[in-house]
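For reference, the chain that follows is the form predicted alone, supplied as structure tokens.
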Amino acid sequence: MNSPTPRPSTELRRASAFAPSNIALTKYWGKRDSTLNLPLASSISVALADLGSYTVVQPAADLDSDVMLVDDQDLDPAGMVKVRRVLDEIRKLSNSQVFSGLRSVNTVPAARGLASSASAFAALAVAAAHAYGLELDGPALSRLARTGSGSASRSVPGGIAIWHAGQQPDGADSYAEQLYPADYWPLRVLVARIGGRKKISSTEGMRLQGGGGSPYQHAWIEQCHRDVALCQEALALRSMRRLAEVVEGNALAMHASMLANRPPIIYWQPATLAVIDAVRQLRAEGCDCCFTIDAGASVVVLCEAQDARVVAQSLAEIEGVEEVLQTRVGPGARLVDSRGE
């Protein structure tokens, strides 16, 4: 980790950042340390170009605690615990005791399996570090974002990224870095949004399964280790056929392990299965596409640019799909002009 360069508290400033949501090609589902959000296996993801979170951080000497609005609503107490965890680390590094007012606006819906918490905490890490006068490199920002939400570590580098599980107890070697830039493989990313907030959060789902609830948990983690290597091979070749095998298989294995949990963890809805069937049929008809599903009912489909229109139309016709969002692989978290909130 590089040594942060603090500025005096009198130089604290307002800062704004945007971070993309990210979708895991090989999943993060299982922690070796719940407090530090350290995963049991590495994972690979793609950042979504214009789907994510804008976050503004304003340090203010007259505040007696941190306060935050998310989509114009007060953040719930559980969320504030995670936010303060990030800000407390920032204050420790910058030798500051000043609290902040924060505002975040999401361009993706919460609790739909679209990693809105990942983009929110990545944007928070980047904006807060700048607001408190810290100069942190990519791995350090990734580690910082990870303390709020594990998958947020992958939203920092953007493009196609790998989050290293690491082995050190303090998490110093658990961070994400970019494997390929956003334009390496000009894929289109289609999000089939399926209605309803999930009843079990990702954090709670991992806790339930990590407590020995699923007989498949060990096998699932071992499969993740293999799939990370296979996914890197498919990406190096830019082979949609090979990518589909590993990405779809990894997503289905994760949900299989959740289904086998006692009590079962079920995120899918009827429309989820319908989208899976549609993607497999489209591929059989010659479209280069594949699906993946995070901890939620919505389905994300990756496809080649020439197939995007046909795939999007097919998904939009499925009963239970509220809308189909279209985007590309995008860059990582970055500072933005506050007027672009």
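For every residue, the number given is its place in the sequence shown, counted from 1. Predicted model, so just to flag it, every value in this text is computed and none were measured.
There is also a form predicted in complex with a small molecule; it is not shown, and the following applies to it.
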(request) Specify the contacting stretch among 125 to 133, 151 to 159, 166 to 174, 229 to 237, defined as having any heavy atom within 4.5 Å of the small molecule in the model of the complex. (result) 151 to 159
(request) Answer with one of Thr203, Asn261, Asn106, Gln178: the residue that has a non-hydrogen atom within 4.5 Å of the small molecule in the model of the complex. (result) Thr203
(message) Although the partner isn't part of this model, could you tell me whether Ser117 comes within 4.5 Å of the small molecule in the model of the complex, counting any heavy atom of the residue?
(response) yes
(message) When the contact criterion is heavy atoms within 4.5 Å, does Val299 count as touching the small molecule in the model of the complex?
(response) no
(message) Does any part of Ser314 reach within 4.5 Å of the small molecule in the model of the complex? Heavy atoms only, please.
(response) no
(message) Does any part of Asn37 reach within 4.5 Å of the small molecule in the model of the complex? Heavy atoms only, please.
(response) yes
